[in-house]
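Single chain ahead, by itself, as structure tokens, in the form predicted on its own.
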């Protein structure tokens, strides 16, 4: 089955949040600045919306220069702690759409990879539907837009997400990878910086297609073995790196597909039993208890619904997890006529198991 990787990138994230918080800013040029100790006279542009970009303002530009370009823009100080709170909620939403909690990789405050090979059955047409659902969920829950790229690996997904910004979806199927990459200038290739771009230009290489055709020995001679072979692989659209969390998670979860789309309670609850067993086994191996329980269902139309419960005490008991998971699944069954495609369960607010209570302690 062909891998299906999704890259989700929030559109002008900080400025979009400011627009959401103050609707009167809509349509105005918004510049979010990281001010220095010199106040508003110092510092650099952290991000700006597309209206400001159209005026010639861009990230990393000195704030003073941005003001001189367009003094009528709205200049705001960065609120990183607040943006992080919004990001955390969005990332949990994105993670719930991945094949498993582990098949998710946040790479910055406003972008992440997730693998949906299993949930899309390796079908890129289905992946578009999933991506559209993700976009709708982000807009409904966070009030901002995102752009989505889908490809057979992380490299292509990452590059595709920038192709139709803002608020777009770009799907690159495996057989279309070279057609997608070849015309692009080499600076668009993920992982190529200015120094590499300039050196390739000196070699007469301007496009990714030209780089892909270049003899790898010439690249090794110019850049060394590791860098040269990497450039060749990237230009060919090859990337075998896994989608995987870089840090230990404060959540433990599992998702799985039903044998076929169904509302059959026996099938749903039997699969949920298996997921509960897996989650408890992982919690036991990490010697942790949990306070929050979240159940997720992905319906046959790829719509995702999530419901969480927070317990009064941290516990590590399978029966407590099972009861809450089953109650939530019953709620989903009672409140929707759609068939279930995938279901999942995860626990959060993890704590080391030192004195926490099990069912038998109550």
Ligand code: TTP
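Computed from a prediction, not measured in an experiment: that's the story for all the values here. Residue numbers count along the first chain shown, from 1.
The discussion below concerns the form predicted in complex with this ligand, not included here.
Residue 19 versus this ligand, in the predicted complex: is there a non-hydrogen atom within 4.5 Å? No - in the predicted complex, heavy atoms of residue 19 and this ligand never come within 4.5 Å of each other.
Wondering, does residue 46 line up within 4.5 Å of this ligand in the predicted complex on heavy atoms? Output for residue 46 is yes: heavy atoms within 4.5 Å of this ligand.
Taking this ligand as it sits in the predicted complex, is residue 34 in contact with it (heavy atom to heavy atom, 4.5 Å or less)? Result yes; residue 34 sits at the interface with this ligand in the predicted complex.
How about residue 111 - does it come within 4.5 Å of this ligand in the predicted complex, if we only consider non-hydrogen atoms? Contact check for residue 111: yes, within 4.5 Å of this ligand in the predicted complex.
Listed range touching this ligand, judged in the predicted complex by heavy atoms within 4.5 Å, from 23-31, 54-62, 319-327, 305-313: Heavy atoms within 4.5 Å of this ligand in the predicted complex occur in 54-62.
Let me know the one among 165, 232, 291, 254 whose heavy atoms come within 4.5 Å of this ligand in the predicted complex, would you? If I apply the 4.5 Å criterion carefully, the residue I get is 165.
Residues in 4-29 with any heavy atom within 4.5 Å of this ligand in the predicted complex: Those in contact are 9, 10, 11, 12, 13, 14.
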